[in-house]
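First comes one chain, alone, set out as structure tokens in the form predicted on its own.
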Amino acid sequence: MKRKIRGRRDIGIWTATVLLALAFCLSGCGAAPVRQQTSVDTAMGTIVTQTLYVRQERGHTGKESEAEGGTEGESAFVMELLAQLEQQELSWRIEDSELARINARADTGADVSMEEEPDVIPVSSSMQDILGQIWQISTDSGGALDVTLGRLSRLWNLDELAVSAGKGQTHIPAAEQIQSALEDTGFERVRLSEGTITLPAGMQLDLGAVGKGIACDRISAYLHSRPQVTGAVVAVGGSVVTYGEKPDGSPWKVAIMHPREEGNYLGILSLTGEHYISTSGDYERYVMAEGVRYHHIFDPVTGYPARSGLCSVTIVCDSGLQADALSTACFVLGAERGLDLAKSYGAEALFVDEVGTLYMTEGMREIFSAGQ
């Protein structure tokens, strides 16, 4: 009996020793450290800020491995991804991008309304997916989102207007110019088929309303492919993606800019896990002329900057493209119709009107803290 008791005691001591050793390894000696990297750069015509948490693997020597995509490499890969997205797919300015090639073909093609068969333009599977999602939101919003406004946005050319405004020489486009540009717009006039798109002659696409949301989708896909990245928050202009978690488990904090108090926050979003946030506002790119604010979010019906009574719209949902597209569409629609549209997509929304009144979905109330 004594030998049996001693045997059990020996087993107990051995088990306790193993558990202690295992706990020690898990808590310190064998655990790969997670390091934070923060960077600020520019891409796609805007500021890109990144905070990444990257696990550093240890090699057989016990030193931290400098494997491909180490702590400093991950943010560089993200910037390279954004550059490729702009240059190869989304830019209407870069001649070799897919969007520019589509526009070039449409610029010389026949009108869809004419008997002559218009030019059928092939598109990649990626562009097909992007345009399909856009057209669905355009339909659901009654045309409040319309990426066929290329000629109209170039007519307004807010960057050039801003320069002229600085010289006291702001020249707003004439009504007849705006009406002429509107004749080359209308998403419902586009034929989108499997692998092809057909645009009326003269129509020009501009994906500026969704481009940064698409960028967030691509960033998320990249992060999912990098198991060493345990958490991240990346902002591409007014579009943000949160991913994974912080080492301490605390929520991601995403600030919403105040639309009328430059440099101040309207409030803070507290989020856990993966989310996509997009804010559209009349304070981002605008020109003041004779007391009127001319901004970059155009009403597809009037051809002028939207006057819906709102000055800021923030959307939180599970897709970067949808967040970006919905923030634009909701801004054009106004508070009541915009909230209905956001809810139909299962998105959370925060609207600010021109007198400072806040409108939000119930879910947004749970994650938004004002005045921080």
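Position 1 is the first residue in the sequence shown; the rest follow in order. Remember, predicted model here, so these are calculated numbers, not experimental data.
This next part talks about the form predicted together with ligand AMP, which is not shown.
At the 4.5 Å threshold, heavy atoms of V316 stay clear of ligand AMP in the predicted bound form, well away from it. In the predicted bound form, none of the heavy atoms of G231 sits within 4.5 Å of a heavy atom of ligand AMP. Using a 4.5 angstroms limit between non-hydrogen atoms, E284 touches ligand AMP in the predicted bound form.
In the predicted bound form, no heavy atom of P200 sits within 4.5 Å of ligand AMP.
Only one of V78, V241, L145, L99 comes within 4.5 Å of ligand AMP in the predicted bound form through a heavy atom, and that residue is L145. Of the residues L131, L266, L269, I297, just one reaches ligand AMP in the predicted bound form with a heavy atom at 4.5 Å or closer; this is I297. Proximity to ligand AMP in the predicted bound form, taken as heavy atoms within 4.5 Å, picks out 203 to 211 from the listed stretches 241 to 249, 175 to 183, 203 to 211, 255 to 263.
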